[in-house]
Ligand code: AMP
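Only one chain is given next, in structure tokens, and it is the form predicted on its own.
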Amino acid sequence: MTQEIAEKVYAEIAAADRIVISRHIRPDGDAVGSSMGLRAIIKAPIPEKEVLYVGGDKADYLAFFENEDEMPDDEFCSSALLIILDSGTLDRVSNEKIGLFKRIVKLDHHIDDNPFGDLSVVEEFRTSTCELIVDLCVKLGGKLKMTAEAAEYLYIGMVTDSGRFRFNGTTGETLRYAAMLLDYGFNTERIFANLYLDSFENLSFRSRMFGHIKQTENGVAYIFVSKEIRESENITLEQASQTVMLLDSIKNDLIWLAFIETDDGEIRVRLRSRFVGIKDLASRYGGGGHENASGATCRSLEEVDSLINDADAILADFKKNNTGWL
């Protein structure tokens, strides 16, 4: 971001005696890491400032480092600045008291289809909101202070949202900022163990789910995890959602989809891709996200079939009109 924009963000922070930080629902490492990292770098030089991170719903795999504050009362919120991180739309923010805050600052890296906030800083080229927060800290020098604690949180978000620095948006600056964070000396082995090691039971479940993978004519891999399967396997929605990772290494399958039936019959969809964008497809089904990683919702099995057919048509067109993708 430019120095001018960084100073505008700091002016909002400096003017507020009370700050609440919130992120999107169904959190990932970037949402939690950027929230906790920003809280830490604000508090470090100004410990007397009241800065709260209000998370809301949880992701089990992030429990090893997430540490949120309790939701403050209405009086606190009405006199506080709300900083919303990593959420492209207001309806995905995990904070039911949004309407009480006197000012809102948005810091994000998603495509800005639905602008909001009194001050909105969106840098779509960033691999993560954590990377944006690091850039803000660098631009502001000592006004915000990086600490070993903050560096670890921000590194977790950068690692997870960039696919361990594999995704296409990873730049030299991404890696330079990651290296800067690593210089603070936190335990990377602990981070990767907590993020990526799995239980024997979950691996057994995933091995059984390989038999449920299906494939369209043009190379869309998909899996449907019904409520009955979740109950019989005794797995959570979060564990079921991770089945999308079973599909990411199939040669020539450039789009992969995981459909997860919830207890109320709603079907959550995780969409992933390489080379071909799927964000617009997700938006047709009430979702959004990034070009190669999005989420959506289907209301019926008919919508599931429709989404699969639409994905197959997109991939057929891509393969017909593009070469050199593999």
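Because the structure is a prediction, the values reported are computed rather than measured. The first residue of the shown sequence is 1; numbering continues from there.
Not pictured, yet referred to below: the form predicted in complex with this ligand.
Candidate site formed by Arg272, Gly286 and Gly289: every one of these residues places a non-hydrogen atom within 4.5 angstroms of this ligand in the predicted complex. Comment: 289 to 297 is the region of 62 to 70, 41 to 49, 259 to 267, 289 to 297 lying near this ligand in the predicted complex, near meaning a non-hydrogen atom within 4.5 Å. Just one of Arg206, His110, Lys106, Lys97 comes within 4.5 Å of this ligand in the predicted complex, counting any heavy atom, and that one is His110. Think of it this way: in the predicted complex, this ligand has a heavy atom of just one of Arg230, Lys143, Lys139, Arg92 within 4.5 Å, and the residue is Arg92. Residues of 302 to 325 that come within 4.5 Å of this ligand in the predicted complex, judged by any heavy atom, do not exist; none qualify.
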